[in-house]
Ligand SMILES: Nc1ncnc2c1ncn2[C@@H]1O[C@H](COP(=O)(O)OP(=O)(O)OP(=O)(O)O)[C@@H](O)[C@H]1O
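Just one chain follows, in the form predicted alone, and it is written as structure tokens.
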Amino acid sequence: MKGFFITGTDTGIGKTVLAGWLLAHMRGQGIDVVPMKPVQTGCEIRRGRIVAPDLEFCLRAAKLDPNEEERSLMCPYRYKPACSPHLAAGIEGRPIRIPRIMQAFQRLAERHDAVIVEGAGGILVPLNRRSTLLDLIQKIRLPVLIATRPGLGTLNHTFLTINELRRAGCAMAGIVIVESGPPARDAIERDNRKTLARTGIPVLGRLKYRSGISPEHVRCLDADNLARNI
């Protein structure tokens, strides 16, 4: 096992919560798994250093506190502007290079049993003038977990994501429905889950919404058989 690549059908979809839950679950099974967030925008300055909030959430969920050298491998590109990766890189004058990300990933994969890689936004988000997140997914070659929302609009976004991944020849481990807000639990959501199953990509489960979820309690989320299916 070398891990998963977690992507989403949109930004703010719940990828980080899914990554944190998966890390806590796998480490609870005795697997030496670590997180990676190749590109983080909207970073914060804390005690004189730039901090990637998504990575820190996952590290706390996994009860990990790596040194600065390994943290730099886990998040090689950190930017303060809260915008698309290519734009943040342009503003700060530090272009994103996929070979550098791959070197960091390979070093983590050599040191640990598995790596959970979390993308930024959706799969066609630009990283630079030529490459998108999909190009990185193709290079890393991990099975992809697709985080999607349960409600109205999810079908089109999820089908488009699956079609692009298929076109690129990427292996998909499954779809995870993530409730990033209070659910409606109505006929639309019930039908969406059934319709998503018709794609041929397994719907592995649902991470249920919990207000104010903290990294320390992410493992306590109701995961709707997700642990059994992954």
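Because the structure is a prediction, the values reported are computed rather than measured. Residue positions are given as counts along the sequence shown, with the first one as 1.
The same protein also has a form predicted together with the ligand, omitted here; what follows describes it.
Judged by heavy atoms within 4.5 Å of the ligand in the model of the complex, the contact stretch among the candidates 43-51, 173-181, 65-73, 190-198 is 173-181.
In the model of the complex, the ligand sits within 4.5 Å of a heavy atom of K208. For the chain shown alone, G90 is not a contact residue for the ligand in the model of the complex, no non-hydrogen atom being within 4.5 angstroms. Residue contact check for G121: one or more of its heavy atoms lie within 4.5 Å of the ligand in the model of the complex. The ligand in the model of the complex comes within 4.5 Å of a heavy atom belonging to L221. Every residue in the set T11, K15 and I213 has a non-hydrogen atom no more than 4.5 Å from the ligand in the model of the complex.
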